[in-house]
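One chain comes next, on its own, written out as structure tokens in the form predicted on its own.
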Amino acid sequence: MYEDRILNPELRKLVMSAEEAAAKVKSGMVIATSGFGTGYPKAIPTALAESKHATGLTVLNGAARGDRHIGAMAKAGILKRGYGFQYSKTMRNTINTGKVEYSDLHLGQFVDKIKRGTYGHIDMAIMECSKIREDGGLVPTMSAGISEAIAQLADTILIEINEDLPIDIEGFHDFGAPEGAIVESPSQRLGVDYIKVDTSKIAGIVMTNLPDTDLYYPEATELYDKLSGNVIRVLKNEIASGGIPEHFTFQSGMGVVANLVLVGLVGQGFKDLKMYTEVVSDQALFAVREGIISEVTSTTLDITPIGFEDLLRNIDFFKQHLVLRPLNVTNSAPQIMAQDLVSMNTAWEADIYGNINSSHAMGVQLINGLGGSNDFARNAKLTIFTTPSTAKDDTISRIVPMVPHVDNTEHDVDIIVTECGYADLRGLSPKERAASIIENCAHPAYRQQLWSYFNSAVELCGPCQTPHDLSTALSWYGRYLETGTMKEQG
């Protein structure tokens, strides 16, 4: 009954239940899973969580999400360590309460670190696929991530064949590109559309029918409309000045701002743009169908159930325009530089000199992780970071004197955009950057407060390069924790 999904007759003998497959995982193992937002295994991690027979596990995943994946294992308390970007509320809580040790990293370096053994030897890879070829080659579902590397490096492989996705999704991927080869255009293919594996390592196959249903995007508000409108204004100005071509190539991070920018591109007459990125959203698929984007490279589809419906209705069309590549290709510095692209990512907050915090609330609580933002920011032709100017009913300013955690330094940030406006920081000294950010990006409720800090720091430091009053630079966070607002009282 699964002959059309497992074309190798010998491998059909390995079909078993999720519980039987999960029993092969032993305490203390280093396991690595497929998936990057979508395309992660669901049945085996859930069975692991329910049995709790294996504990102290280390899990590697490109961008872990899902209540039947990283969330289930974290909630069950069977994890010791985690590596890679994550955006699971349950996993976040276990990290922030000290129940799981977590080490953040630049995702573009993840595969190389895995190959060097930075996180230990991989005992087992658990992978979601749509099909196994006659030669044993694995056809993943709608992500690439670290799948190719872990299939090659793991001692043992467990596979989930997900029949929820049609068998004709085969053809989106590009694996096995020659070492050092450069993708010259997002739709160019350099390898094959499956992962070559040693079939003797496959220890179990589980048939599933479990859709990716965990992703949703917050409702757009007027604030985000203004913010995305300012990004569009930046792009139009750059085209008009000759800074970027009319048919530019761009990278866009995840989240509501990124999606609204894509919506804005659709409504502003842009055509034949190219996208070289880490994640593709519902709105990006819509932009491809509308001809706004002509070709896309990504490592995953980060889409909602509605996005999946769109994809499956137009599957042959999207195969002509979209290529899913391994994370170490999409996020490779030489590959990114070759695209000459515009990088657009979301910041949690920025300071008056242009340093970006994208991963830690109040400097101490992990949000999701760094991800690939710096891979693109550091190697792009033009780097844009966006953030609302305030949060929590204006009790928190997202423009602060000094960020308590730095993910992207001022040296890798060209333009900062909020709903209030934007600051072009290129070629400016630190003092000039501060003036531009305060005037153009800060919320009016905090603008004078920021000027007071800056002027006081200038007076204190004298003729220094980057004025700071270290005794008060982080006091805004203490004030919020004590009073519930960053605003000065009285």
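From 1 onward, residues are counted along the sequence shown. This one's a predicted model, so the numbers in the text were calculated from it and none came from an experiment.
What comes next is about the form predicted in complex with another copy of the chain, which is not displayed.
- Figure note: of the listed segments 443-451, 31-39, 423-431, 65-73, the one touching another copy of the chain in the predicted complex, with heavy atoms no more than 4.5 Å away, is 423-431.
- The single contact residue among Pro404, Gly176, Gly255, Gly229, judged by any heavy atom lying within 4.5 Å of another copy of the chain in the predicted complex, is Pro404.
- With the partner omitted here, the residue from Gly171, Pro305, Gly363, Gly191 that has a non-hydrogen atom within 4.5 angstroms of another copy of the chain in the predicted complex is Gly363.
- Taking non-hydrogen atoms only, Arg233 never approaches another copy of the chain to within 4.5 angstroms in the predicted complex.
- Residue contact with another copy of the chain in the predicted complex: Gln465 places a heavy atom within 4.5 Å of it.
- For the chain shown alone, His247 is not a contact residue for another copy of the chain in the predicted complex, no non-hydrogen atom being within 4.5 angstroms.
- Contact check for Glu101: a non-hydrogen atom falls within 4.5 Å of another copy of the chain in the predicted complex.
- Within 4.5 Å of another copy of the chain in the predicted complex, a heavy atom is found for not a single one of Ile205, Met207 and Thr277.
- Annotation for 79-97: interface residues with another copy of the chain in the predicted complex are Arg81, Tyr83, Ile95, Asn96, Thr97 [heavy atom within 4.5 Å].
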